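Here's a solo chain for you in structure tokens, the form predicted alone.
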């Protein structure tokens, strides 16, 4: 049983607005991209194209962070706060490739903008629905991902098993909106995402992939 799915919905989760959820998710994805970058840099066969794609993603995420955080504050009726100084520092860390310093800064921001997940109990029905969603939306790109490109579509079963649940949840929230190639809106409900997390972290996903 996944830890984040064993509690009931708290009032804070239910009350979290879309801007707050998006801000929290983007911070989680940013931190996850940095951790991936550090792993890729440590590889003996590291790929310069993949590394460039990760750095570009991180820089792009930082560029959008100010408006996301301010919108989340406004949505929550919090007093206006300037994020210029910490985000300038974040860009400096990226320029200097001080990735661990940037991770620490993002962790601090994530405490201010936590990502909360609603509760959906695991069930065969939920996983079967997720399996169908995978075939409809995900399999085409993620079952046979291109290798060595700037922004690869990772195998989702492997990814879900190798990163934290909170990061994978964040990627499900903000990562399926598409890019210049796919250009789709996020078609997934909270229940869909919960089912996909159960499915991708389960044995049947691995068996199905084989």
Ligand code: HEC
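Positions refer to the first chain, counted from 1. Treat the numbers as computed from the prediction; the structure is a model and nothing was measured.
What comes next is about the form predicted together with the ligand, which does not appear here.
For the three residues 50, 55 and 94, which mark the spot I'm curious about, does each lie within 4.5 Å of the ligand in the model of the complex through at least one heavy atom? Verified in the model of the complex; spot residues all out of contact, no.
Which of 67 to 75, 81 to 89, 136 to 144, 94 to 102 has heavy atoms within 4.5 Å of the ligand in the model of the complex? Stretch with heavy atoms near the partner: 136 to 144.
Can you tell me whether residue 199 touches the ligand? I mean in the model of the complex, with a 4.5 angstroms heavy atom cut-off. Residue-level check for residue 199: no, no contact with the ligand.
Although the partner isn't part of this model, could you tell me whether residue 188 comes within 4.5 Å of the ligand in the model of the complex, counting any heavy atom of the residue? Contact check for residue 188: yes, within 4.5 Å of the ligand in the model of the complex.
Taking 4.5 angstroms as the cut-off for heavy atoms, does residue 172 touch the ligand in the model of the complex? Within the cut-off, so yes.
Indicate whether the ligand has at least one heavy atom within 4.5 Å of a heavy atom of residue 60 in the model of the complex. Residue 60: no, not in contact with the ligand in the model of the complex.
Which residues from 148 to 170 come close to the ligand in the model of the complex, meaning a heavy atom within 4.5 Å? In sequence order, 151, 152, 153, 154, 156, 159 come within 4.5 Å of the partner.
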